[in-house]
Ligand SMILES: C[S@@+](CC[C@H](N)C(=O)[O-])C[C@H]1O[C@@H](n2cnc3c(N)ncnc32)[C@H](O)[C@@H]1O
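Form predicted alone, single chain, as C-alpha coordinates, below.
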(Lines give C-alpha, C1' and ligand atoms only; values in the text may rest on other atoms or scores of the structure.)
Protein backbone atom coordinates (compact mmCIF):
# COMPACT_ATOMS: atom_id res chain seq x y z
CA UNK A 1 0.00 0.00 0.00
CA UNK A 2 1.50 3.32 -1.08
CA UNK A 3 1.22 6.62 0.75
CA UNK A 4 2.22 10.21 0.00
CA UNK A 5 2.82 12.65 2.88
CA UNK A 6 0.17 15.38 2.72
CA UNK A 7 1.03 17.32 5.90
CA UNK A 8 3.01 20.00 4.07
CA UNK A 9 0.27 20.49 1.46
CA UNK A 10 -2.34 20.75 4.23
CA UNK A 11 -0.37 23.42 6.09
CA UNK A 12 0.30 25.48 2.95
CA UNK A 13 -3.33 25.27 1.76
CA UNK A 14 -4.75 26.24 5.16
CA UNK A 15 -2.52 29.30 5.42
CA UNK A 16 -3.33 30.32 1.85
CA UNK A 17 -7.08 29.91 2.34
CA UNK A 18 -7.37 31.69 5.67
CA UNK A 19 -5.15 34.55 4.47
CA UNK A 20 -7.33 35.23 1.42
CA UNK A 21 -9.69 38.22 1.25
CA UNK A 22 -12.62 35.76 1.07
CA UNK A 23 -11.46 33.09 3.49
CA UNK A 24 -11.79 29.50 2.32
CA UNK A 25 -10.66 25.97 3.14
CA UNK A 26 -10.24 23.08 0.71
CA UNK A 27 -12.96 20.44 1.02
CA UNK A 28 -10.44 17.67 0.23
CA UNK A 29 -9.18 18.00 3.82
CA UNK A 30 -12.53 17.11 5.39
CA UNK A 31 -11.63 13.45 5.40
CA UNK A 32 -9.34 12.75 8.32
CA UNK A 33 -10.30 9.78 10.51
CA UNK A 34 -13.06 11.63 12.38
CA UNK A 35 -14.28 13.48 9.28
CA UNK A 36 -14.59 10.22 7.36
CA UNK A 37 -16.68 8.73 10.17
CA UNK A 38 -18.96 11.78 10.26
CA UNK A 39 -19.42 11.53 6.50
CA UNK A 40 -20.57 7.92 6.96
CA UNK A 41 -23.26 9.31 9.31
CA UNK A 42 -24.24 11.86 6.66
CA UNK A 43 -24.61 9.14 4.03
CA UNK A 44 -26.93 7.19 6.34
CA UNK A 45 -29.36 10.10 6.77
CA UNK A 46 -32.72 9.69 5.01
CA UNK A 47 -32.38 13.27 3.77
CA UNK A 48 -29.07 12.50 2.01
CA UNK A 49 -30.59 10.98 -1.11
CA UNK A 50 -27.34 10.75 -3.08
CA UNK A 51 -26.13 7.48 -1.58
CA UNK A 52 -29.45 5.69 -2.09
CA UNK A 53 -29.70 6.92 -5.68
CA UNK A 54 -26.27 5.64 -6.63
CA UNK A 55 -26.85 2.35 -4.81
CA UNK A 56 -30.05 1.97 -6.82
CA UNK A 57 -28.22 2.60 -10.09
CA UNK A 58 -25.55 0.03 -9.28
CA UNK A 59 -28.04 -2.62 -8.15
CA UNK A 60 -30.32 -2.19 -11.15
CA UNK A 61 -27.67 -1.69 -13.83
CA UNK A 62 -24.69 -3.73 -12.64
CA UNK A 63 -24.61 -6.04 -15.67
CA UNK A 64 -25.08 -3.17 -18.12
CA UNK A 65 -22.25 -1.32 -16.39
CA UNK A 66 -19.98 -4.36 -16.66
CA UNK A 67 -20.85 -4.74 -20.36
CA UNK A 68 -19.96 -1.09 -20.91
CA UNK A 69 -16.67 -1.42 -19.04
CA UNK A 70 -15.49 -4.61 -20.71
CA UNK A 71 -16.19 -5.54 -24.31
CA UNK A 72 -15.79 -9.25 -25.05
CA UNK A 73 -14.71 -9.89 -21.43
CA UNK A 74 -11.46 -7.96 -21.93
CA UNK A 75 -9.29 -7.22 -18.88
CA UNK A 76 -9.55 -3.84 -17.18
CA UNK A 77 -8.34 -1.98 -14.09
CA UNK A 78 -10.74 -0.06 -11.85
CA UNK A 79 -9.13 3.03 -10.28
CA UNK A 80 -11.43 4.79 -7.82
CA UNK A 81 -10.67 8.37 -6.78
CA UNK A 82 -11.96 9.18 -3.29
CA UNK A 83 -13.03 5.62 -2.49
CA UNK A 84 -14.11 6.24 1.11
CA UNK A 85 -15.71 3.15 2.63
CA UNK A 86 -16.47 1.68 -0.80
CA UNK A 87 -20.01 0.71 0.20
CA UNK A 88 -21.42 1.42 -3.27
CA UNK A 89 -18.44 0.14 -5.21
CA UNK A 90 -18.66 -3.22 -3.43
CA UNK A 91 -21.90 -3.89 -5.30
CA UNK A 92 -20.08 -3.63 -8.61
CA UNK A 93 -16.99 -5.49 -7.40
CA UNK A 94 -19.07 -8.42 -6.15
CA UNK A 95 -21.06 -8.65 -9.37
CA UNK A 96 -17.98 -8.36 -11.56
CA UNK A 97 -16.36 -11.22 -9.67
CA UNK A 98 -19.51 -13.36 -9.95
CA UNK A 99 -19.39 -12.85 -13.72
CA UNK A 100 -15.72 -13.91 -13.85
CA UNK A 101 -14.65 -10.48 -15.09
CA UNK A 102 -10.89 -10.03 -15.38
CA UNK A 103 -10.05 -6.90 -13.44
CA UNK A 104 -8.05 -5.31 -10.62
CA UNK A 105 -9.20 -2.61 -8.21
CA UNK A 106 -7.15 0.34 -6.92
CA UNK A 107 -8.97 2.57 -4.40
CA UNK A 108 -7.31 5.96 -3.85
CA UNK A 109 -8.17 8.22 -0.93
CA UNK A 110 -6.52 11.01 1.03
CA UNK A 111 -7.73 9.33 4.25
CA UNK A 112 -5.35 6.59 5.40
CA UNK A 113 -7.97 5.04 7.67
CA UNK A 114 -10.51 4.83 4.86
CA UNK A 115 -8.10 2.99 2.57
CA UNK A 116 -6.71 0.67 5.25
CA UNK A 117 -10.20 -0.29 6.44
CA UNK A 118 -11.56 -0.73 2.90
CA UNK A 119 -8.67 -2.98 1.83
CA UNK A 120 -9.05 -5.08 4.99
CA UNK A 121 -12.79 -5.50 4.40
CA UNK A 122 -12.31 -6.43 0.76
CA UNK A 123 -9.60 -8.95 1.61
CA UNK A 124 -12.04 -10.54 4.04
CA UNK A 125 -15.28 -10.31 2.05
CA UNK A 126 -13.92 -10.73 -1.48
CA UNK A 127 -10.65 -12.67 -1.05
CA UNK A 128 -10.42 -13.42 -4.77
CA UNK A 129 -10.34 -9.69 -5.62
CA UNK A 130 -7.00 -8.20 -6.66
CA UNK A 131 -6.87 -4.92 -4.72
CA UNK A 132 -4.14 -2.32 -4.17
CA UNK A 133 -5.01 0.56 -1.85
CA UNK A 134 -3.31 3.92 -2.42
CA UNK A 135 -3.15 6.84 0.03
CA UNK A 136 -2.54 10.43 -1.02
CA UNK A 137 -3.14 12.88 -3.85
CA UNK A 138 -5.04 11.48 -6.85
CA UNK A 139 -2.74 12.70 -9.59
CA UNK A 140 0.55 12.00 -7.84
CA UNK A 141 -0.53 8.39 -7.50
CA UNK A 142 -2.20 8.07 -10.89
CA UNK A 143 1.02 9.12 -12.61
CA UNK A 144 2.53 5.99 -11.10
CA UNK A 145 -0.20 3.48 -11.89
CA UNK A 146 -1.73 4.61 -15.20
CA UNK A 147 1.37 3.90 -17.34
CA UNK A 148 1.74 0.38 -15.93
CA UNK A 149 1.13 -1.83 -18.96
CA UNK A 150 -1.62 -1.38 -21.50
CA UNK A 151 -4.59 -2.73 -19.57
CA UNK A 152 -7.69 -0.61 -20.06
CA UNK A 153 -8.33 1.71 -17.10
CA UNK A 154 -11.79 2.69 -15.84
CA UNK A 155 -11.49 5.74 -13.58
CA UNK A 156 -14.31 5.94 -11.01
CA UNK A 157 -15.30 9.35 -9.60
CA UNK A 158 -18.43 8.35 -7.70
CA UNK A 159 -20.82 10.13 -5.37
CA UNK A 160 -20.95 13.83 -6.11
CA UNK A 161 -17.18 14.37 -5.85
CA UNK A 162 -17.02 16.34 -9.11
CA UNK A 163 -19.68 18.65 -7.67
CA UNK A 164 -17.15 19.96 -5.14
CA UNK A 165 -15.52 21.94 -7.96
CA UNK A 166 -16.72 25.04 -9.77
CA UNK A 167 -16.72 24.93 -13.58
CA UNK A 168 -13.14 26.11 -14.01
CA UNK A 169 -11.82 23.72 -11.35
CA UNK A 170 -13.85 20.89 -12.89
CA UNK A 171 -12.32 21.53 -16.29
CA UNK A 172 -8.83 21.60 -14.75
CA UNK A 173 -9.49 18.35 -12.86
CA UNK A 174 -10.92 16.60 -15.90
CA UNK A 175 -8.12 17.97 -18.08
CA UNK A 176 -5.54 16.45 -15.73
CA UNK A 177 -7.37 13.14 -15.98
CA UNK A 178 -7.45 13.31 -19.76
CA UNK A 179 -3.71 13.98 -19.87
CA UNK A 180 -2.83 10.74 -18.03
CA UNK A 181 -5.30 8.48 -19.85
CA UNK A 182 -4.77 6.34 -22.93
CA UNK A 183 -7.26 6.16 -25.83
CA UNK A 184 -8.93 2.95 -24.58
CA UNK A 185 -9.41 4.27 -21.02
CA UNK A 186 -12.78 5.50 -19.72
CA UNK A 187 -14.20 7.69 -16.97
CA UNK A 188 -17.25 6.73 -14.88
CA UNK A 189 -18.39 9.82 -13.03
CA UNK A 190 -21.31 10.66 -10.73
CA UNK A 191 -23.46 13.78 -11.14
CA UNK A 192 -26.17 15.04 -8.80
CA UNK A 193 -28.97 16.40 -10.96
CA UNK A 194 -30.90 19.64 -10.44
CA UNK A 195 -34.13 19.10 -8.51
CA UNK A 196 -36.49 20.64 -5.93
CA UNK A 197 -34.41 23.11 -3.85
CA UNK A 198 -36.02 21.86 -0.63
CA UNK A 199 -34.75 18.34 -1.32
CA UNK A 200 -31.22 19.65 -1.83
CA UNK A 201 -31.16 21.94 1.21
CA UNK A 202 -32.39 19.16 3.51
CA UNK A 203 -29.53 16.96 2.32
CA UNK A 204 -26.87 19.56 3.18
CA UNK A 205 -28.45 21.50 6.04
CA UNK A 206 -29.66 18.44 7.91
CA UNK A 207 -31.64 18.51 11.16
CA UNK A 208 -29.34 15.90 12.75
CA UNK A 209 -26.32 18.22 12.92
CA UNK A 210 -24.00 15.88 11.02
CA UNK A 211 -23.16 18.40 8.29
CA UNK A 212 -22.36 21.07 10.89
CA UNK A 213 -20.08 18.62 12.71
CA UNK A 214 -18.47 17.64 9.41
CA UNK A 215 -17.55 21.24 8.60
CA UNK A 216 -16.45 22.15 12.13
CA UNK A 217 -14.24 19.09 12.26
CA UNK A 218 -11.93 20.69 9.71
CA UNK A 219 -11.28 23.52 12.17
CA UNK A 220 -10.54 20.90 14.82
CA UNK A 221 -8.12 19.22 12.42
CA UNK A 222 -6.30 22.55 12.02
CA UNK A 223 -6.12 22.79 15.81
CA UNK A 224 -4.73 19.27 16.12
CA UNK A 225 -2.28 19.23 13.23
CA UNK A 226 -1.19 22.87 12.99
CA UNK A 227 -1.43 23.80 16.69
CA UNK A 228 -4.17 26.40 16.23
CA UNK A 229 -6.72 27.63 18.78
CA UNK A 230 -10.08 27.67 16.96
CA UNK A 231 -13.01 27.63 19.41
CA UNK A 232 -15.58 25.62 17.45
CA UNK A 233 -18.44 27.10 19.47
CA UNK A 234 -17.68 30.49 17.94
CA UNK A 235 -18.67 29.32 14.42
CA UNK A 236 -21.88 28.03 12.86
CA UNK A 237 -22.65 26.29 9.57
CA UNK A 238 -24.86 27.78 6.84
CA UNK A 239 -25.95 26.27 3.51
CA UNK A 240 -27.25 28.23 0.50
CA UNK A 241 -28.63 26.99 -2.82
CA UNK A 242 -29.10 28.88 -6.09
CA UNK A 243 -31.54 26.93 -8.30
CA UNK A 244 -30.59 28.97 -11.39
CA UNK A 245 -26.91 28.05 -11.28
CA UNK A 246 -27.45 24.72 -9.49
CA UNK A 247 -24.83 25.63 -6.87
CA UNK A 248 -25.17 24.68 -3.20
CA UNK A 249 -22.60 26.56 -1.10
CA UNK A 250 -21.42 25.73 2.40
CA UNK A 251 -19.97 28.25 4.87
CA UNK A 252 -18.73 28.46 8.44
CA UNK A 253 -19.60 31.86 9.90
CA UNK A 254 -17.89 33.59 12.81
CA UNK A 255 -20.35 34.43 15.59
CA UNK A 256 -18.03 37.07 17.08
CA UNK A 257 -15.01 39.18 16.32
CA UNK A 258 -12.06 36.96 17.14
CA UNK A 259 -8.38 36.25 16.55
CA UNK A 260 -7.11 32.75 15.79
CA UNK A 261 -3.47 31.82 16.31
CA UNK A 262 -1.92 29.12 14.13
CA UNK A 263 1.33 28.29 15.91
CA UNK A 264 2.62 26.18 13.02
CA UNK A 265 3.21 29.48 11.20
CA UNK A 266 3.38 31.83 14.21
CA UNK A 267 0.47 33.58 12.49
CA UNK A 268 -2.72 35.21 13.77
CA UNK A 269 -5.88 35.24 11.63
CA UNK A 270 -8.50 37.93 12.34
CA UNK A 271 -12.26 37.33 11.97
CA UNK A 272 -14.96 39.98 12.07
CA UNK A 273 -18.41 39.11 13.39
CA UNK A 274 -20.38 37.45 10.58
CA UNK A 275 -17.30 36.79 8.44
CA UNK A 276 -17.50 33.61 6.35
CA UNK A 277 -15.15 30.78 5.60
CA UNK A 278 -16.17 29.24 2.30
CA UNK A 279 -16.00 25.47 2.83
CA UNK A 280 -17.29 23.80 -0.32
CA UNK A 281 -19.73 23.85 -3.19
CA UNK A 282 -22.00 21.00 -4.21
CA UNK A 283 -22.81 21.62 -7.84
CA UNK A 284 -25.99 20.22 -9.40
CA UNK A 285 -26.26 19.43 -13.10
CA UNK A 286 -28.54 18.82 -16.05
CA UNK A 287 -27.75 16.81 -19.19
CA UNK A 288 -26.76 19.87 -21.20
CA UNK A 289 -24.20 20.88 -18.57
CA UNK A 290 -22.83 17.33 -18.39
CA UNK A 291 -22.43 17.07 -22.15
CA UNK A 292 -20.79 20.50 -22.33
CA UNK A 293 -18.41 19.66 -19.48
CA UNK A 294 -17.37 16.44 -21.22
CA UNK A 295 -16.73 18.13 -24.56
CA UNK A 296 -14.84 21.08 -23.07
CA UNK A 297 -12.52 18.72 -21.18
CA UNK A 298 -11.77 16.43 -24.12
CA UNK A 299 -14.29 13.65 -23.50
CA UNK A 300 -17.60 12.53 -24.95
CA UNK A 301 -20.52 10.88 -23.17
CA UNK A 302 -21.03 7.19 -23.97
CA UNK A 303 -24.03 6.56 -21.75
CA UNK A 304 -25.84 7.89 -18.66
CA UNK A 305 -27.22 5.52 -16.00
CA UNK A 306 -30.10 6.96 -13.91
CA UNK A 307 -32.04 6.11 -10.76
CA UNK A 308 -35.83 5.92 -11.08
CA UNK A 309 -36.43 9.45 -9.80
CA UNK A 310 -33.79 10.92 -12.14
CA UNK A 311 -32.11 12.50 -9.11
CA UNK A 312 -28.65 11.22 -10.01
CA UNK A 313 -26.66 9.87 -12.93
CA UNK A 314 -23.47 7.88 -13.36
CA UNK A 315 -22.11 9.03 -16.68
CA UNK A 316 -19.66 6.91 -18.71
CA UNK A 317 -17.21 8.92 -20.80
CA UNK A 318 -14.52 8.08 -23.30
CA UNK A 319 -11.77 10.28 -24.72
CA UNK A 320 -13.00 12.41 -27.60
CA UNK A 321 -11.79 10.98 -30.90
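Positions refer to the first chain, counted from 1. Only a predicted model underlies this, so the values are computations on that prediction, with no experimental measurement involved.
FYI, the form predicted in complex with the ligand isn't displayed, but the following is about it.
Student: Tell me, yes or no, whether residue 103 is in contact with the ligand in the predicted bound form, where a contact means a heavy atom of each within 4.5 Å.
Tutor: Flag for residue 103 set to no.
Student: With the partner left out here, check for me: in the predicted bound form, does some heavy atom of residue 37 sit within 4.5 Å of the ligand?
Tutor: Looking in the predicted bound form, residue contacts with the ligand do not include residue 37, since no heavy atom lies within 4.5 Å.
Student: Using the partner position in the predicted bound form, report whether residue 246 sits within 4.5 Å of the ligand, counting heavy atoms only.
Tutor: Contact with the ligand, no.
Student: With the cut-off set at 4.5 Å between non-hydrogen atoms, does residue 215 touch the ligand in the predicted bound form?
Tutor: No, residue 215 stays farther than 4.5 Å from the ligand in the predicted bound form.
Student: Between 92, 177, 222, 158, only one gets a heavy atom within 4.5 angstroms of the ligand in the predicted bound form; which residue is that?
Tutor: Result of the distance check: 158.
Student: With the ligand left out of view, choose which of 117, 164, 234, 205 has a non-hydrogen atom within 4.5 angstroms of it in the predicted bound form.
Tutor: It is 164.
Student: Quick one: in the predicted bound form, does every one of 83, 110 and 139 get a heavy atom within 4.5 Å of the ligand?
Tutor: The answer is yes: all three residues contact the partner (heavy atom, 4.5 Å cut-off).
Student: Would you point out which of 27 to 35, 284 to 292, 62 to 70, 265 to 273 contains residues with a non-hydrogen atom within 4.5 Å of the ligand in the predicted bound form?
Tutor: Partner-contacting stretch among the options: 27 to 35.
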